[in-house]
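Next comes just one chain, in structure tokens: the form predicted on its own.
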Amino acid sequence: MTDYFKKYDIYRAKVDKILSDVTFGRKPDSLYKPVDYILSWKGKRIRPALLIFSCEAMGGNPDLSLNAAAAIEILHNFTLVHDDIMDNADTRRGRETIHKKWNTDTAILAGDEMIGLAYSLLIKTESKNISKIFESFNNGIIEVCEGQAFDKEYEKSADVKLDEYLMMIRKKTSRLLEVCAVIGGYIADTDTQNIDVLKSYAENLGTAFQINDDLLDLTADEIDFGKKIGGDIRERKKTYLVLRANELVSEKQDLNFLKNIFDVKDKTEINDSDINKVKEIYIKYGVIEDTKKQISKFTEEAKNYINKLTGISDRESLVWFSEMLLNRNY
């Protein structure tokens, strides 16, 4: 039986090496130290792993996908740098954000540089589908930015619908996972039908992933999660749970409490007691259980698309990756 965890760790180590080398010896320090600071974070490398697994599963050589995988990781981290600036976040996973450790100007410039570094790695990819790979990568950047813009708009709106939220997370979260799966397929030189199936697989996986993130923000262990539980509530963010609660909560007293908590014009600090009360309401009306069902629904849809792939070399690797991604508790 294939040890996919071992494979995953090997792929992560290879991507980490590329990320370490991409800034090595470059000057000026004022630019490359902040870039190296964020790229050296030992994250899960979910996106590059999906790209490599997709390539290998479709019969491609995983070594040919490593530069593209590292490019995707740099792109992902670019979005985090700029998101942290917009959210005025002081920390990410227990470490100071770049704009906090240095300053906002440095963080903006570091993010801009990371886009250039990502493309410099992507162009090293050996594939006869290189133009399609670049098109997919570029469209991913555009849609992630659109998703972030919708997210910021929704923060200021008191009337966001659940379908609008799902559209936003598909752009902000799912699209980058789609790019990973599709680029992996292109490097493996699979056919157009499989590319479309890989895209649908990753879209459903990404939707499940983000809804699971929403849930973990309220239910995960704080030490494992790396930040204080209830952060989305403290920031009055629109999440799947908030919007589903608007549909499920029936008693006026509970509805008014939630309305007051998530009032975008209210600048009062939300405390632990408020968060516990929100959680109690969610449990009372089955919001948390409903959220878990939605995660399972999108996960099963993703698995169904895996079964539609033709000429696949290792179907189980994508099944394993999906389960690993969505069974995490942080």
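Since we're looking at a predicted model, the values are computed, not measured. Start at 1 with the first residue shown and count on from there.
What comes next is about the form predicted together with a further copy of the same chain, which is not displayed.
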Would K297 sit within 4.5 Å of a further copy of the same chain in the predicted bound form, counting heavy atoms only?
-> no
message: in the predicted bound form, does M168 come within 4.5 Å of a further copy of the same chain, counting heavy atoms only?
response: no
Is it the case that K100, even though its partner is missing from this view, gets within 4.5 Å of a further copy of the same chain in the predicted bound form, heavy atoms only? no
Contact test in the predicted bound form: I275 vs a further copy of the same chain, heavy atoms, 4.5 Å: no
Check: So, D105, E113 and I141: all three within 4.5 Å of a further copy of the same chain in the predicted bound form by heavy atoms, or not?
Finding: yes
Within 4.5 Å of a further copy of the same chain in the predicted bound form by heavy atoms, the stretch out of 149-157, 230-238, 177-185, 208-216 is 149-157
None of E289, D29, D266, D63 but one has a heavy atom within 4.5 Å of a further copy of the same chain in the predicted bound form; the exception is D29
Contacts from 74-101 to a further copy of the same chain in the predicted bound form (any heavy atom within 4.5 Å), listed N to C, are F78, H82, I85, M86
